[in-house]
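Here's a solo chain for you in structure tokens, the form predicted on its own.
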Amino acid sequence: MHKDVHKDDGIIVVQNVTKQYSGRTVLDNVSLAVEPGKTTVIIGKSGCGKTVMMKHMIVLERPTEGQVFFKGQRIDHQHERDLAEVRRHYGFCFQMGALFDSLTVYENITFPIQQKQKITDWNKMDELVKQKLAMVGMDGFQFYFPASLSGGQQKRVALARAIALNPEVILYDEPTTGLDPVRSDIINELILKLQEALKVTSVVVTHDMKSAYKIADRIVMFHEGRILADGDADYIRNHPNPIVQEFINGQVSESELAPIRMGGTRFETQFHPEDFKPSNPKKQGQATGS
């Protein structure tokens, strides 16, 4: 499924992007325009190109072919020092939170700010940290270290850090991974809250279809480096393509099940731990020079 897009069709536009690693194609001539102020969710099997696509949006990866635009400006060919200014408009929430273990919650949240500017008014910074933590229900945890927080609390702190610089775009990479259903739903609610309160554009990579249906204005499914389906939740739920249905319903295709279901397979030789002991320890020791 290929759709022509213009550089001004969205706040982020990926235009005819191909990405190859050692001759292996991960993204295959993909075009995608991200609508401002909306939540775009990217789904698909592991290895289909979802996270690679997200990394191109912030130019953590550069395309083999094609172009990437932010607010109509081409960014994929820019020097790192120029990209630093572009990235000020982005917040990024990594899959496992990616907090600095040696820093307190307070220090984690102020870290991206200190990378951009020298802080002179620490009273103002205290208020900013308090405000960001309050938005994710974590005010009062300023001086905790990440190791003393639960997985869900760490994700919420990571969200607070992602919004520290008031971004226009937040990129979420598997935000509910490793969380139980209740904690996952808290993250979903926070994604919705931040979009509404901050008027941000959100791009979310996830395998979690319950989360996708709840937060998405638009769901884009990748398959083998291309866009297979693109529409709202109802469109995806009722999509006629069997590959889409297998993924969203968590079903394994018959072709993938065939090797698992092979019956009667038995190896003639069965190994036991003693089979791996040297038959002549003295001789082996001489051979190795011991």
Partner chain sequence: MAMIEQIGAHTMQGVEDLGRFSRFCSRGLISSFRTLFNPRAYPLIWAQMNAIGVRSVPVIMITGAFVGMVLAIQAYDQLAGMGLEERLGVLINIAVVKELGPVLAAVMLAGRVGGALTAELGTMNVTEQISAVESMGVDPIRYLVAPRMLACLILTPLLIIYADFMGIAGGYLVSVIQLKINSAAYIDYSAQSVELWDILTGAMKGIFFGGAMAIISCYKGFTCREGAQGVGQACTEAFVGSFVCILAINFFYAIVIKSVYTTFWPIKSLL
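Keep in mind that this is a model prediction, so the values were computed, not measured. Each form is matched to the other, and the largest set of C-alpha atoms that superpose within 1.5 Å is called the rigid core. Residue numbers count along the first chain shown, from 1.
Keep in mind the form predicted together with its partner chain is missing from the figure; the text below concerns it.
Colleague: Which one of these stretches, 216-224, 110-118, 123-131, 179-187, sits within 4.5 Å of its partner chain in the predicted complex when only heavy atoms are counted?
Modeller: The contacting stretch here is 110-118.
Colleague: Can Asp101 be called a contact residue for its partner chain in the predicted complex at 4.5 Å between heavy atoms?
Modeller: Judged by the heavy-atom cut-off of 4.5 Å, Asp101 is in contact with its partner chain in the predicted complex.
Colleague: Evaluate Lys193 for contact with its partner chain in the predicted complex, applying a 4.5 angstroms cut-off between non-hydrogen atoms, and reply yes or no.
Modeller: Judged by the heavy-atom cut-off of 4.5 Å, Lys193 is well away from its partner chain in the predicted complex.
Colleague: Examine Arg74 and determine whether its closest non-hydrogen atom to its partner chain in the predicted complex is within 4.5 angstroms.
Modeller: Flag for Arg74 set to no.
Colleague: Does Arg161 reach its partner chain in the predicted complex if we count a contact as any heavy atom within 4.5 Å?
Modeller: Close contact exists here: in the predicted complex, Arg161 approaches its partner chain to within 4.5 Å, heavy atoms only.
Colleague: Though its partner chain is not shown, can you say which of Ile58, Val26, Val34, Ala229 has a heavy atom within 4.5 Å of it in the predicted complex?
Modeller: Of the listed residues, the single hit is Ile58.
Colleague: Spell it out for me: taking its partner chain in the predicted complex, does every residue among Glu80, Ala84 and Arg88 have a heavy atom no farther than 4.5 Å from it?
Modeller: Every residue of the candidate spot has a heavy atom within 4.5 Å of its partner chain in the predicted complex.
Colleague: State yes or no: after fitting on the rigid core, is the Cα displacement of Ser184 between the shown form and the other one at least 2 Å?
Modeller: After core superposition, the displacement of the Ser184 C-alpha between the shown form and the other one stays below 2 Å, so no.
Colleague: Rigid core aligned, does the Cα position of Gln73 differ by 2 Å or more between the shown form and the other one?
Modeller: False for Gln73: its C-alpha shift is below 2 Å.
Colleague: Relative to the superposed rigid core, does Glu107 relocate between the shown form and the other one - that is, does its Cα move 2 Å or more?
Modeller: Yes; Glu107 is a residue whose C-alpha shifts (by 2 Å or more) between the shown form and the other one when the cores are overlaid.
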